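In the block that follows, a single chain appears as structure tokens, in the form predicted on its own.
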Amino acid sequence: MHIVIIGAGECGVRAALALREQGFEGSIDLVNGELHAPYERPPLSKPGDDGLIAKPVSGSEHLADKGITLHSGITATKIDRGTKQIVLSDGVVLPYDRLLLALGARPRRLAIDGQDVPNVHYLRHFEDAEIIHRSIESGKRVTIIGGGFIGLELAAVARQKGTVVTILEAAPRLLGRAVPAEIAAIIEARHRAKGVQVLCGTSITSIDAQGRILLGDGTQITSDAIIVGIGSLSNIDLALDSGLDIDNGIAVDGRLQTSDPSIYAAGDCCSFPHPLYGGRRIRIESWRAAQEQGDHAARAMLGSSDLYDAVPWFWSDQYDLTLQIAGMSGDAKKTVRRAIDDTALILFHLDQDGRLLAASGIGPGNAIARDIRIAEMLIAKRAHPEEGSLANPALKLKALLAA
């Protein structure tokens, strides 16, 4: 059997390695649209002490040893479902018995009056990160458009380097779709305390070639660099052109199988029905989900009938604070607050029947990590924990697992 994987990010690489771990001995072709060897994306917005480096995806250095053929700097231009062939940008044609689309996502472009705005930066690839981090220097003025995770992480890095930072957010508050208001307020307060100018509820009238931004209220902001982080769009063009079903990304079933039984999709590019949330179709953009779905897709392509039901998990590091969210809180009817100490808290989100749907926490370092992990397990068990126990920091959450 011949398996082709298009996309060599976290998800695609994980799937290729998992196929070998499952004992698959057929051929595996991994199509990597970038010249770089497969690398991790989270460090692009929050580099470590060694600075910006293309940190390899775990295990990717051993792809050749495992008989996985990596096609770097090459993209797939066409899927011929009738003949089960992939046409690559270098003219090579790859046959497949099973195909995995791990196409990822791309930044949403900023448009003013329907026109794409030039002279702004987006973060997706390593080369983007190199340009952005060169602009983040002491004394320079950087404006970040968008108060989501990427923008805020870059703002924290910039301030730590002495950059003058302004954040422009169109919504009434930061992280409006992703984080509870109380936690978002803590993050905003920390950024303000570090000297970041945060402007919410703003509209942009124009951006000129010199980097001058005119806001709807007449305010003018001059920047040495403008970084845009206003969300992302799943890469669906290849799937759309081949006639696969699309629904907030490439539509897959619980096994991550598309409308074509020979083709699967995983990671940022796909949406799937989640059994923990009433089968509601969701799309998850996270490092862990990319790994988990890569693993799951590999097993599915080899015949597993298991449904993907992992609890969604997200994290973000900003200054000394770590934010973690487990689960999806959209259907929550009640929130229970647990103050771990003066510096850390967790909010538990319950449905109308008291079932735990999600947990959102923030604190320094690893202060919330253990409790969020236990919350993940409670969510997976569809647990109905007693509210008083959730709120009481003196009671170990682990005791609720056995209840």
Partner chain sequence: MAVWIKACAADDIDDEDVIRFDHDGRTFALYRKDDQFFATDGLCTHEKIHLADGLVMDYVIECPKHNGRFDFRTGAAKGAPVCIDLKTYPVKVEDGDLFIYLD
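The structure displayed is predicted, hence computed values, not measured ones. Positions refer to the first chain, counted from 1.
The same protein also exists as the form predicted in complex with the partner chain; that form is not shown, yet it is the one meant from here on.
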item: Contact of residue 299 with the partner chain in the predicted complex (heavy atom, 4.5 Å); value: no
item: Contact flag, residue 403 vs the partner chain in the predicted complex, heavy atom cut 4.5 Å; value: no
item: Interface membership of residue 126, the partner chain in the predicted complex, 4.5 Å heavy atom rule; value: no
item: In the predicted complex, residue 345 touching the partner chain (heavy atom, 4.5 Å); value: no
item: 106, 108 and 153 each touching the partner chain in the predicted complex (heavy atom, 4.5 Å); value: no
item: Options 334-342, 24-32, 365-373, 66-74; stretch whose heavy atom lies within 4.5 Å of the partner chain in the predicted complex; value: 365-373
item: Single option in 308, 313, 149, 96 placed near the partner chain in the predicted complex, where near means a heavy atom within 4.5 Å; value: 313
item: Neighbours of the partner chain in the predicted complex among 276-308 [non-hydrogen atom within 4.5 angstroms]; value: 287, 288, 291
item: Direction of C-alpha distance change in the predicted complex, residue 58 to residue 92 (at least 3 Å); value: closer
